[in-house]
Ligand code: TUI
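There is one chain below, alone, in structure tokens, taken in the form predicted alone.
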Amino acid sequence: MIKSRICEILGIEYPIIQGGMAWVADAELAAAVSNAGGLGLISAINAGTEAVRDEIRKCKTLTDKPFGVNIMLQAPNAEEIAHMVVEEGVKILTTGAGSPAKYMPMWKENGIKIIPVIASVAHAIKMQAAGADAIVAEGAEAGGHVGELHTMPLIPQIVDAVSIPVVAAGGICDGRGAAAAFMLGADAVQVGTRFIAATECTAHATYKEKLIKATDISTIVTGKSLGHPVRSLKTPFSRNFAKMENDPNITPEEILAFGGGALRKAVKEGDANGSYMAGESAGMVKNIEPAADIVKDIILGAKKVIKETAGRLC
């Protein structure tokens, strides 16, 4: 099987990390991925600090394998979460939407591995200098909040710029994508969209159905005019959001109010007015299957592709 230095650092069997998707990444999904040999993550954007604490404690009852928490640093309760994960003995964190530098000394003192999610070379260099143990380099093919640079050019530039392990993210859904990431120099891959279709994922059945029906042109990026670009499935909600952005008579405040709570509506209620965040790989998601099968398919698929490519090229 495929292993890398990230496996030793995190204590996992396979170099695959489940994305810390807001409202989606809970204890059940994280534990399932961790039990399968990857690294499961719990999102810290799930209904408040104490709710996240409950998910962490629940995850500990579902797995004895390493798992982590993803913290969005612009969240109103980020400070509370930063201290709560220490109290709960969490040992692996990924972070997004800002710099975790102010919390890193405290986390380091408590033996926590810190893996910021970044989208540029400059940010990667800063995070390495701040003491990050690894980084997730996420391309614009990813679902949810995205940067400008795409995965294929982003990963090798990040790999060349830092010495710590690089986790590739954005558009990776199967063994072929993972193999490509490894060839670009990544030590691991982070997969989000495909895990929404995991049996253990508690996202609403409508969300999973929309993923299964998605094609190669089923996603759209909205929010660029607001400074917060988000990739999601094309739905009446996302199309209306895009129209509002292009209407000079509608204020940014009105647009933000229209989008408030939309992700939760999609994940928890399957609401037609929800935001169904998904990456460009959505068109490759064909089945609802156990997380363990997803991990196995990606890792074995990558191994097969690497072996076959080595034999095909000379």
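The shown structure was predicted, so the numbers you read here are calculated from the model rather than taken from an experiment. Throughout, we count residues from 1 along the sequence that is shown.
This protein has a second form, the form predicted together with this ligand, left out of what is shown; the following refers to that one.
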Among G223, P165, G144, G177, which has at least one heavy atom within 4.5 Å of this ligand in the predicted complex?
-> G144
Residue (of H150, K102, H228, H204) lying close to this ligand in the predicted complex, criterion heavy atoms within 4.5 Å | H228
Does at least one non-hydrogen atom of G98 fall within 4.5 angstroms of this ligand in the predicted complex?
-> yes
Quick one: does A22 come within 4.5 Å of this ligand in the predicted complex, counting heavy atoms only?
-> yes
Even though this ligand is not shown here, does M277 get within 4.5 Å of it in the predicted complex, heavy atoms only?
-> yes
Can you check whether I92 is within 4.5 Å of this ligand in the predicted complex, heavy atom basis?
-> no
In contact with this ligand in the predicted complex (heavy atoms, 4.5 Å), from 78-86, 232-240, 211-219, 114-122, is stretch 114-122
Can you tell me which residues in 250-270 come within 4.5 angstroms of this ligand in the predicted complex, by heavy atoms?
-> L263
